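Take a look at this one chain, the form predicted on its own, written out in structure tokens.
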């Protein structure tokens, strides 16, 4: 093979190596994006499932509260429309309830409407054939989706009994499925929740038409028969970031190719003086040297004795500087993307993914070496009221301040992360539940004593669970979540 062909071969090998490195970086970026999007989908689906469950649970709680008072039972037995309407008015549209209760209906045992809220003077309808009445009459209760006044609604129904055993009627509490309700469940215009049945489709508010969705999946939620569906719209900021990353990677490849092609055009005219240069390039092509060592070789004084050789050497040095700059930029961007994948953008705390990895590592540690660790799951009480009254910007400030408070009030060995929404998880290694309970109580007082932006005062509820060797992480989190639910049920601002 002639010197010219060997030089051309060495140059193209260099281009291939450089291009492969840049394409590998681009592939890494794409893989990381797919992984992040998959986690985002899973987290959004869990959040929607939990929120629908919360609404149904609140409706059921309201139905239970309206089925037990003796005054209500006596009023229904006596067909006292006025008393029943007064009781219902306290629940419909009340700010004390997160679920938007639209309708409360009291019927007698035959399915005739005795009282209705908010339509106090609308009664006498026959609802004996409706699913809530039929199921509640048969089973004692109903919880799910059914039409109410011609609109699909989340419904909870309960039987009212006199003397605890004689049925006198049924009460059902309903929240209509509207675009506003669906939007509040997701809390994002880029994640759209839709409900579909034989009567049509209802969609939450979206930043783009639903046809632009990049992914869509059914929400497997109890009591809803798979009628809800989540659609994920493209995020413009995210798309711009990926586009920038692609341009950076492809620009580095193009710059490398163009620089090397220009070098070939120069070397074709005068090959003789460039044995040293060709030797260096061949060594790099054979992976016998590195770019920094090649750069030093080109800078040697003997290469500069020939003016043309000096120019070629200078061009190669600039090329190497450009490539190394591109590699550093790609490495910095890759590191930034990896950091974004593990940290919450709002609070800068570790996100759900990082917490899951830490929990698995801690479980492996106690399985191998023994000891204990405990998790605290905390939720800001009535946080939705902050967003509703002061706006999401103030709500974000509150979340950041709570995150900082939890972090600074915990030990250096503890891990504090954002679990999702207004929930935070604290991982406390080498600590049992009794010790952690004291720490959680300190955190509870700290939150209650803090004055947040705009003079806001808040409380938080805490659920504690101690890790058991060999226990699945999901089961540990479920125990912590049950403890948190017990704290909420006990009036909030408490530790369980």
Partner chain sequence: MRGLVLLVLSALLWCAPASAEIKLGIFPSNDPAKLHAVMRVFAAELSARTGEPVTTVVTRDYAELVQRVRDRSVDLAWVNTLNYVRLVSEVPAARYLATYMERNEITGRVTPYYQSYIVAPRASGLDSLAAIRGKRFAFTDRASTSGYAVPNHLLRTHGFDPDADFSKVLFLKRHDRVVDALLQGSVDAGAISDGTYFTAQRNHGDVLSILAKSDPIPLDAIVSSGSLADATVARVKRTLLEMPADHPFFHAMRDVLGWNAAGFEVRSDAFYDSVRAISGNP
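In this text, all values refer to a predicted model and were calculated from it rather than measured experimentally. Positions refer to the first chain, counted from 1.
There is also a form predicted together with its partner chain; it is not shown, and the following applies to it.
Visitor: Quick one: which of 408-416, 120-128, 172-180, 280-288 gets within 4.5 Å of its partner chain in the predicted bound form, going by heavy atoms?
Guide: Result for this chain: 120-128.
Visitor: Taking its partner chain in the predicted bound form as the reference, which of 341, 79, 202, 346 has a non-hydrogen atom within 4.5 Å?
Guide: Spelling it out, the residue with a heavy atom inside the cut-off is 79.
Visitor: Ok, 385, 235, 86, 404: which has a heavy atom sitting within 4.5 Å of its partner chain in the predicted bound form?
Guide: Result of the distance check: 86.
Visitor: Check whether residue 114 has any heavy atom within 4.5 Å of a heavy atom of its partner chain in the predicted bound form, and answer yes or no.
Guide: Yes, residue 114 sits close enough to its partner chain in the predicted bound form that at least one of its heavy atoms falls within 4.5 Å.
Visitor: When the contact criterion is heavy atoms within 4.5 Å, does residue 108 count as touching its partner chain in the predicted bound form?
Guide: Residue 108 belongs to the contact set for its partner chain.
Visitor: Using a 4.5 Å cut-off on heavy atoms, what residues in 160-193 are near its partner chain in the predicted bound form?
Guide: Residues within 4.5 Å: none.
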